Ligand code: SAM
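In structure tokens, one chain follows: the form predicted alone.
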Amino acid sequence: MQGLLGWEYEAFEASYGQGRQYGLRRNLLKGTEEEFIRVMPFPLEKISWAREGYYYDAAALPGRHVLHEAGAYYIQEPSAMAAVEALAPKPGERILDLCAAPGGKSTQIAGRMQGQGLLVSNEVIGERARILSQNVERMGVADCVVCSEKPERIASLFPAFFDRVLVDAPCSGEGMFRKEEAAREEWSPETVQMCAERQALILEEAAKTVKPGGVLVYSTCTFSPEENEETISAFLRVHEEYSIEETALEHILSPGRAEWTGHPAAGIGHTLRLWPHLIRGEGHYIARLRKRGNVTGELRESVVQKADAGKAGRRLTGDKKLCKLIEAFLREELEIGEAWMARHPGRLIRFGDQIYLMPEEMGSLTGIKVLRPGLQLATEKKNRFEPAHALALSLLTGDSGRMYRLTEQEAAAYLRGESVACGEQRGWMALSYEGYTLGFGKASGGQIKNHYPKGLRKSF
């Protein structure tokens, strides 16, 4: 690093004697910024490169608060938020997050999509894919399919399919040395070379999934040129259909270093570097690439039309009998109204005894290792349905006529798995705290029986 940075090295080295920065991201799917700031129990400071990002003091411990379990925010390293800002997702698009676990960038993308379109979040390692799925659920994301496939399999399943693709590539983690001891212990020159080779293979497969006119964003959390400028330059030498594109972040962040690669690609200075001695965050690298071709066309118009149809109150599609039963359950037993229905068009499918709402843009699931085909609505029991926890987390204030507001003490008790006292209510209730839904319970005899998933219960 001293050889690369020259006169900057002293400031770079000094940054590692300073405390790291802590960040969280407001969930754009739940409430307004004003409502969020009003209920937050600790002070926040805006992050300049992510409109939904904030710094917080480490002493606040936001991961041990009721609002975290309600999906009001996602704890995320500040610099990590910049890649999605460069991706610039929009409602109604098809988007792939190829290396998505644990879900920070996927849930950030989902917030920008506002429940319209299709997000495919993939993670090849099964256990990490399960964590990804849990975080997608906690944040109340409906239009996301979580799968666990190798990049080459994703490329074969979705050729030229996505408007935008994010490759947050596995890397040597040099940018995380201040944050994670494991990153320091596992580093070696051989690891850098191995990562660079793997990144080239992943990027090659990711490129096949981008439609003409689409955007491909590549990011790492490392400093090594081999994994950054050199990876992008090598890719562009064999992919003339791609070119580096400027981003709105260039006035905030530092440029990529053309002098650090033997054969720099045209525009490499428009790629981005995040340095811990220049910003309040850890080290990252970001490149935004555009694939030659037209963005508009029948496919794009189809996506927009379907999004508009959803706003107009489109009903569920799929098996007609199942649609009728689920609609009746949602309306009559949960009193979920037109506002929620209009925001969540989709196709009903069965996964065993689980009923899911799959995004309309998703094709066949045959042959895909899917962990989450969409929003889980209910579990099918004998002659009845039970509402899924994921459904509760997708609800906003006013979406259901059966919303029961909890105090902070009651909310903490509910998350521990305890029953909650109530009035004369009977039947299913969605329990909320400060406008954020926590889960379901069933009221009877002055008590709401706890249906918060046992695997998620915790004490505060």
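Note that residue numbering follows the sequence shown and begins at 1. Bear in mind the structure is a predicted one, so any value in this text is a computation, not a measurement.
This next part talks about the form predicted together with this ligand, which is not shown.
Note on the partner interface in the predicted complex: the residue among Leu96, Ala196, Ile202, Ile232 having a heavy atom within 4.5 angstroms of this ligand is Ile202. Contact with this ligand in the predicted complex, judged by any heavy atom within 4.5 Å, is made by just one of Pro102, Gly269, Gly318, Gly213: Pro102.
The candidate stretches are 113-121, 236-244, 169-177, 251-259, and the one lying within 4.5 Å of this ligand in the predicted complex by heavy atoms is 169-177. In the predicted complex, Arg128 approaches this ligand with a heavy atom inside 4.5 Å. In the predicted complex, at least one heavy atom of Pro151 sits within 4.5 Å of a heavy atom of this ligand.
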